[in-house]
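Take a look at this single chain, the form predicted alone, given in structure tokens.
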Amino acid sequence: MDVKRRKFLKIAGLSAVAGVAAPSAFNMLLKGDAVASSGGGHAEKTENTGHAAKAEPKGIQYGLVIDVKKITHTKGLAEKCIDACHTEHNVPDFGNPKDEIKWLWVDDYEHSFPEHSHHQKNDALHEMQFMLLCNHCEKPSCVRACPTKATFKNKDGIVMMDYHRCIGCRFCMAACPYGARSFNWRNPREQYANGNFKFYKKPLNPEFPTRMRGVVEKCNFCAKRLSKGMMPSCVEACGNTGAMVFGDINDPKSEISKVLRENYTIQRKPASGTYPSVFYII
């Protein structure tokens, strides 16, 4: 048992003895880690209106730029991207919003950017489709909150999930400011008597594992495809539309860095201080 897991169990145990609810244990864990990791720095430096200046970036940090106008104005493109993602990763479809598993989905401006002013709204902006996914933040609060290290950042800056280590506490879901994680309340592997799976519309992709009940999941930026030199499935589905650009945002010579320098982009909930790696051209 590693130190962090022992720490979580100790806090949870003390909370149970004291009659404190689980969210309190989560807050203690998250607060303690935040203080330890920041040294009282990052949280204090973050302004309410956006990200504060930060140190020179080091290593790879993969990111994604989404051109919202191109997504909206190319008929069927959003659905094509979602289908490619969900097929690649065997994302179950339980058939109702209550149990929905979200890796890549679409929402409107008002729900995607609730912190922005909607007074005297721009009609065109509010009619656009915003593709939402895990933001693979540079400083992900979900990683700090996970007591078992089931959520972690890999060497490419991608926030990953180890399904075998996930204990289903959902602390990561509470910590994520973007609602980008889903919990399997039902068993995705449930089958009919004839052996067919109930919640998969297409044949399973044998190269990606199915999940089980009680596990959290989310977008992984197609880490396995990246290891093969391929683009994420959603980016590939966009073809040559230019609606999505993926790459290392820490590399000033990368295409994505060029796009970011030449276009005005917005990010979701900048005041959260997590530095999302998903940017939107509006």
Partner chain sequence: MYDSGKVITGLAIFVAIICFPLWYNVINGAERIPIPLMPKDQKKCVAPSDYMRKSHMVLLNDWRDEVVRTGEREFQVIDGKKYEKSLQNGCMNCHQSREKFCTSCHTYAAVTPYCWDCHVEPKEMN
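From a predicted model like this one, the values you see are computed outputs, not experimental measurements. Positions refer to the first chain, counted from 1.
Although not depicted, the form predicted together with the partner chain is the subject of the following passage.
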What stretch, of 249-257, 61-69, 218-226, 236-244, brings heavy atoms to within 4.5 Å of the partner chain in the predicted complex? 218-226
Name the residue from R186, K80, H73, R165 that puts a heavy atom within 4.5 Å of the partner chain in the predicted complex. R165
Counting any non-hydrogen atom inside 4.5 Å, which residue from V106, L125, M173, M160 sits next to the partner chain in the predicted complex? M160
Contact flag, K155 vs the partner chain in the predicted complex, heavy atom cut 4.5 Å: yes
Taking heavy atoms only, is K102 within 4.5 angstroms of the partner chain in the predicted complex? no
When the contact criterion is heavy atoms within 4.5 Å, does T210 count as touching the partner chain in the predicted complex? yes
Using 4.5 Å between non-hydrogen atoms, is P206 touching the partner chain in the predicted complex? yes
